Structures are given as structure tokens and as C-alpha cells.
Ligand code: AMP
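As C-alpha cells, one chain now follows by itself in the form predicted alone.
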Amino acid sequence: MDEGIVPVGGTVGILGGGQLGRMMALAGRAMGLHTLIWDPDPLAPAAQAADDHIVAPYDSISALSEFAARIKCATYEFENVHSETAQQLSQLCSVYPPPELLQVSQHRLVEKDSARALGLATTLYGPATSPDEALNAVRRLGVPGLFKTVSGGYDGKGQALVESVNAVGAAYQSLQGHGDLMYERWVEFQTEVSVVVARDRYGKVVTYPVTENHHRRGILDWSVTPAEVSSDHERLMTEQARDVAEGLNLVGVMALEFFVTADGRVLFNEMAPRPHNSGHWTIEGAWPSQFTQHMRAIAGWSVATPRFLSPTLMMNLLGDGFVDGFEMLPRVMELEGVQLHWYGKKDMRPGRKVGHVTIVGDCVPRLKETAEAVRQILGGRCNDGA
């Protein structure tokens, strides 16, 4: 047997202990793989599903040595993991997706440049590393637009809206101290979608159906598959996802987000080299799930050609709706086609993803009706407490 392949009974290491790591661990357990989590939080949700948990800072040399010694290969469950840690770890064991891909996704300018180099169209963007450069970028690219931190930031964090040239100074100042910035021209899009792509160590690439995404207050609210896009658009995005997976040497699962504009253009937005929130629908709506697919790929097993099983809607549950308890959740489960996924987080703070529901059915309109029924049971508080 290839020594690089993780056999049944072998251990995969996961950097990060959030809900994605939890679902990776559950998928690995079903395959006979053990998992070791490394996360400084002793209450990390993934630790509830993993075989063991190293509680230590990500820059701990002793933790790095112990982690590498106990696993056959490693992955990460969030793209803001310290790239230095991933690089150091790759000197001791295999790390997938490669740390080089992690570095691309961690820098928004490099990410956009890499996508363009691979033939993808993007939004208009440019660096804004100084007040003068920021003002020039806004004048050159036009308004409205967004200043964004080039690294860090997620779920709408690390952004400032610019609606006029006169607003540049205040918007730029609001993000000072958060590192280098970029400016991106606002896109009037018709649909926001994502494609989950997987690639194994042997070069096989597979994709899942395109998913349509809807956000509220910068956080993904709900996704539905299949997306309401043309077959030509679906074909283009699928091809581009494959091109990125091959061009950046992906091993594992990655999600690419796109905008479809009113005039029919497809624009790349961003990538995440890991299982993605918009791919949670695959747990019930496809075979295999994105998490099983990811564990197969990083462990050296071959990826499987996905089968679409059913139209599926995924709805995020945020901490806003559960500060008073969880007594309404059993009622949600009484609805036909609904499955609850609870992440085991202790702190129900606003904006924090604490679970999701998936809804399966025979057509998208009925899925939306059931999703509205879920909202009503939970008091309309699935996302922002409104």
C-alpha cells in the first residue's frame, strides 16, 4: 500500500475546531478514519466529534510536533488558519489542500490575480494600501464600491462601503489598523452562486451542481440547489471551477463563489479551499457529501463522481434566535423533509452560526415554503433576530 494513503484506522489531523471540522470528523468516522483536532479553544465544537483534541495556540512548537507525530496527513477547516503553521506542518507531514493554495485564498488581491491568470473574469478591483492609492482606486474604478481588508475578514467583516468620492476618507479610516486594504467596485448582480469542486491526489476532478446563495447582513442566510441559472452559465462556472482546481493543484474540496449579472456576465468573487457553508446541502441532497469527499481526497482515496439526489435548501441558524433556549427545535423537525444539524456551541452570541437545517423535497418552490415555516416556528430569528 502507498505509505501516503491513510488506511481505515489511520488518523487525519484537522487544524481548527469549528463546525466544519466537526462535520469532517463525523464524515471521517463513518469511513473508519480517526481524527485529531488542534484548536486552542477547549470547547471547540469539532472536539465533540473527533477522537482527540490538542488544546494549544497555533504557534506552539511543541503542539506542532505532537500533532504531526500522531497523524498521517493534515487538513484545515477555516482559511484564516496561520499559513506559517500550515507551512511548518507540511515539512513534517502531508497537508491538503496545499499551503500554497491556502496562501492564495488568504490574500484577496493575490486571489483575484490568480483567478484572472486562470482565465476567470472578476469584479473591478485594485490595491488601496495608502490614502492616496485608495482615492486613486476609487476615482479609477468608480463608485459605489467596497474597501476590504486583503486578509482576514469573513461574513461581511472587514469591509466599508464607499458611495461617493467624498466618503473615501471616512471609509478608509474605519478600516485602519486592519492591515492592507483593496478597493472593489460594487457589482449589481442578479444571482450569487457557488460551485463545490473536489480533486484527489491523482488528478481526478469532480464538481457538484451549482448552488444559489442568499445573504442577510453579510452572512449566508440560505442556499438552494439546483440554482436558477442557465445551462450555459452552469457549464461555464463548472469548467472554471475545474480550471482553478487543476491550476492551483487542489487536493480536497474547494468552493468558488460567482456573481451572475443582469447582462449575463459571470464574475468570480472568491474561493475557499475547504468544505463550504453553501455546500452543506450535500449532506442530504447528494452522494457523497462534501465532507466525505474532502476526507476521501486528503486521505489519498479517490474522489467519487457526485450524484444529485434531491432538490435541497440549506438555512443557517444563528445564535440570535436561541438566547432563550432551544425548545422550538423539535417542532422544526416535525416538518416534512427537514433535518437539523446542531454544532454544539455553548455561546449563543448574535451573528454566530450555531447550526443549520437542510430541507429536501421534489421542487424548489416547496422547499421555500417549508423554509418559511421553519422561520415562523423559530419566530423569524434564523438569521439576524428580525
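Source: prediction; values computed, not measured. Residue numbers here begin at 1 and follow the sequence given.
Below, we refer to the form predicted together with the ligand, which is not included among the displayed structures.
Any non-hydrogen atom of E270 within 4.5 angstroms of the ligand in the predicted complex: Yes, E270 sits close enough to the ligand in the predicted complex that at least one of its heavy atoms falls within 4.5 Å.
Contact test in the predicted complex: D243 vs the ligand, heavy atoms, 4.5 Å: Looking in the predicted complex, residue contacts with the ligand do not include D243, since no heavy atom lies within 4.5 Å.
Close approach of R108 to the ligand in the predicted complex, 4.5 Å, heavy atom: R108: yes, in contact with the ligand in the predicted complex.
4.5 angstroms heavy atom contact with the ligand in the predicted complex for W301: Close contact is absent here: in the predicted complex, W301 is far from the ligand, nothing within 4.5 Å, heavy atoms only.
The ligand: the contacting residue among V143, A167, A121, V187 in the predicted complex [heavy atom, 4.5 Å]: Flagged contact: V187.
K148, K72, R296, R201 - the one with a heavy atom within 4.5 Å of the ligand in the predicted complex: Filtering the options by heavy-atom distance leaves K148.
Options 86-94, 177-185, 281-289, 235-243; stretch whose heavy atom lies within 4.5 Å of the ligand in the predicted complex: So the stretch in question is 177-185.
Candidate site Q159, E192 and E257: all three near the ligand in the predicted complex by heavy atom within 4.5 Å: All three within 4.5 Å in the predicted complex.
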